[in-house]
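Next comes just one chain, in structure tokens: the form predicted on its own.
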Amino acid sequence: MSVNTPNAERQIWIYTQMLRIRTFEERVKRTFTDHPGVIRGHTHLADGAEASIVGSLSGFKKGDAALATYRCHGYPLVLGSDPKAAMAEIYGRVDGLCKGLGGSMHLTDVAHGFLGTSGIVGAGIPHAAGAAWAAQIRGKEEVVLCFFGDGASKQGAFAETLNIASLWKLPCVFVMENNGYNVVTTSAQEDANAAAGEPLSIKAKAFAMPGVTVDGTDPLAVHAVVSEAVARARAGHGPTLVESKVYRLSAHGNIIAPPGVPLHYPEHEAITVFGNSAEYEAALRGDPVPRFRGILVQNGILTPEHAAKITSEVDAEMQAAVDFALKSPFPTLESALQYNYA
């Protein structure tokens, strides 16, 4: 089953979405120093995974659905969520996607097909199977994309869900974004397959489904692999496990500091835990956002002037999101009880 390469206009769209995610998350990260105390609790960035996110979602259609992990800011932005509402949610404000009650790790925008995230590792995997089962019952060729990290593949929910998804041929694509680290340990330290030098997509064999590993820093490669998996799911042939290999460019998350010390982002674990600055510097040189921009310019798809215009527009859009979120009020105490079922 062949998948066409996106045309020039679509490739520019892919780059723009990658830049939007990066710029949004840079604003989130800067908030810790520019506006200390505004963001409370943990925040996890996905810088370095933009190509994987956008490439995976580039074939998303109305009626499809997506779920992700707590490293989740980019997905709703690509699917059409208002960055102002997303930033307001991260700031815990009433104009946020979830009325300021969810925060960074619990973004949801059902109107745009984003069914939500969770701070629990692997929690979205069985949820995705449920959504895919509902899609199968509706019979409208809708597909669910489920995003999770390599660490989640060691949760029981991973094995149980892939097993039933395969047996029932659920229209689901499982995208494992392998960023090389499980907080402060490497994937090779935590995973027997990785330690043996095997691609983690090999886990698909146990569930009689296709398993594919792709360079997650190449959005067109991700688009090709995930689009083929989506087409297979739409045709009723069941799920696929895709391992998308990326490199997270920020630390696992911000540090919850003692009283009187602002929350902040430390250096990456490659440096702070393993003392391997060479690895981290190599990852920076392979940063997918400027790299894809360079490819588009080199191929004559994007001019430097057009690229500069996109950057200016995206900067303005994300600064407006920060300004909006800072002005949004906090939710009332009473609102915490308005969305409970019992």
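Fair warning: this is a prediction, and the values are worked out from it, not measured in the lab. Residue numbers run from 1 along the displayed sequence.
The protein also exists as the form predicted in complex with a small molecule; that form is not presented, and the subsequent description refers to it.
Practice problem: Decide if the three candidate residues R71, G119 and N179 all line the small molecule in the predicted bound form, where lining means a heavy atom within 4.5 Å. | Solution: Yes, each of R71, G119 and N179 comes within 4.5 Å of the small molecule in the predicted bound form.
Practice problem: Only one of A152, A204, V78, L115 comes within 4.5 Å of the small molecule in the predicted bound form by heavy atoms, so just point that one out. | Solution: Looking at A152, A204, V78, L115 one by one, just A152 meets the 4.5 Å heavy-atom criterion.
Quiz item: Of the options R232, H127, K245, H252, which one has a non-hydrogen atom that comes within 4.5 Å of the small molecule in the predicted bound form?
Solution: It is H252 that has a heavy atom within 4.5 Å of the partner.
Quiz item: Where, among 167-175, 143-151, 257-265, 212-220, do residues come within 4.5 Å of the small molecule in the predicted bound form by heavy atom distance?
Solution: Stretch with heavy atoms near the partner: 143-151.
Quiz item: Using heavy atoms and a 4.5 Å limit, would one call A195 a contact residue for the small molecule in the predicted bound form?
Solution: It does not: once the small molecule is placed as it appears in the predicted bound form, A195 has no heavy atom within 4.5 Å of it.
Exercise. Using a 4.5 Å heavy atom cut-off, state whether I137 contacts the small molecule in the predicted bound form.
Key: No, I137 sits far enough from the small molecule in the predicted bound form that none of its heavy atoms falls within 4.5 Å.
Quiz item: Is there any non-hydrogen atom of A208 lying within 4.5 Å of the small molecule in the predicted bound form?
Solution: No, A208 is distant from the partner.
Practice problem: Indicate whether the small molecule has at least one heavy atom within 4.5 Å of a heavy atom of V110 in the predicted bound form. | Solution: So V110 does not count as contacting the small molecule.
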